[in-house]
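Just the one chain here, the form predicted on its own, laid out as structure tokens.
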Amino acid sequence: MSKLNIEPIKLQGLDLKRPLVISGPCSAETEEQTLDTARALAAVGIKVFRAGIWKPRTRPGAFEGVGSLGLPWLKRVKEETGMYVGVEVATSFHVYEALKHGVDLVWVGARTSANPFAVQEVADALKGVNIPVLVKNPVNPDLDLWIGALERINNAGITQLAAIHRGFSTYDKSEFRNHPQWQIPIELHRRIPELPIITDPSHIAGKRELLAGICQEAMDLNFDGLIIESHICPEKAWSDASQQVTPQGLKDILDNLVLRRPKIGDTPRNELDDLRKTIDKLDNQLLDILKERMRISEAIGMYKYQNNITILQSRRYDEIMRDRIERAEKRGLNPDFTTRIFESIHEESISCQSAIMNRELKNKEGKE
């Protein structure tokens, strides 16, 4: 368990009910676009406004934000709407500029959180400041790196801390821009239960039609908030147009969210406990079966050693995967889920057989 000194996020005068919703355009493009978007969001009840001022882009030549020029626009947003404002920061200069212009909260982006040197620079610039700081997960699925970034910010004295789950880059084909890999933020919550987790469905989805489903899943997992990109005219956005929604579109998503109870009440508890006991029983059976399967793998490893057969048998592996996926589909199981399970089983089986061969070779060398 990681030990962080965390206090609840406090924005004066704002009742931070779950979910905390932060919204605004991917990029502050012009003063008019920024203010028009903010006014429309304020009209539908959004209290915290976000806008990209400095935009880290994958390749040079893309729009990289208006820079410090846009910070007075955010100041006007605060004055006219009463909203709180937040921006992404990646350098000490960004931090100083944001604070100078009265920004209420900042977040560390995914590209920055992947670089401990960059995170430390931001952390050092934040020393002595008492504002909420949110840390996005690194682009790669590395939980320890994510926690390390949170620790660096916390060590600088920032106690109003939260994590942003924005999905992870992958070479695999997926309907998502960044695969959510929900098990990673779930494990983060298990390790640091007091840390608020805010989901960024815009960067997970990459397209607006997927936003509602991702928002609902985040709420079903009892995460604390949502940071969603909204633009007064998304189709004309200068960056990430396909993943932004209008303020009214955002309201529609939020109005249709189902917020389930975070704790179990007395009435349904007995039924739920019975179902959980059944799950526990089945899990124990699965573990017994896996133990027996690995025992057979060890026996196969010994046979291969004694008969001078290579460990990896690609044709056999392909046959197993085709057969198991077909059988799983007949049982109504997700083929991707089945593939991941049997890939893991095969990897462990290979490790078992390698260990057997290495052990026997050492024993043979010792006797000689």
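We number the residues from 1 along the sequence you see. Bear in mind that the values here come from a model prediction, so they are computed numbers and not experimental data.
Below: the form predicted in complex with phosphoenolpyruvate (PEP), not depicted.
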Exactly one of W73, F223, Y84, W107 has a non-hydrogen atom within 4.5 Å of phosphoenolpyruvate (PEP) in the predicted complex; which residue is it? W107
Just one of H189, K78, K251, R111 has a heavy atom within 4.5 Å of phosphoenolpyruvate (PEP) in the predicted complex. Which one? R111
Of the listed stretches (336-344, 53-61, 309-317, 323-331), which one has a non-hydrogen atom within 4.5 Å of phosphoenolpyruvate (PEP) in the predicted complex? 53-61
Could you confirm whether H203 comes within 4.5 Å of phosphoenolpyruvate (PEP) in the predicted complex, counting heavy atoms only? yes
With the partner left out here, check for me: in the predicted complex, does some heavy atom of E88 sit within 4.5 Å of phosphoenolpyruvate (PEP)? yes
Non-hydrogen atom contact H94 with phosphoenolpyruvate (PEP) in the predicted complex at 4.5 angstroms: no
With the partner left out of view, is K136 within 4.5 angstroms of phosphoenolpyruvate (PEP) in the predicted complex by any non-hydrogen atom? yes
Select from 224-238 the residues with a non-hydrogen atom within 4.5 Å of phosphoenolpyruvate (PEP) in the predicted complex and write them out in sequence order. E229
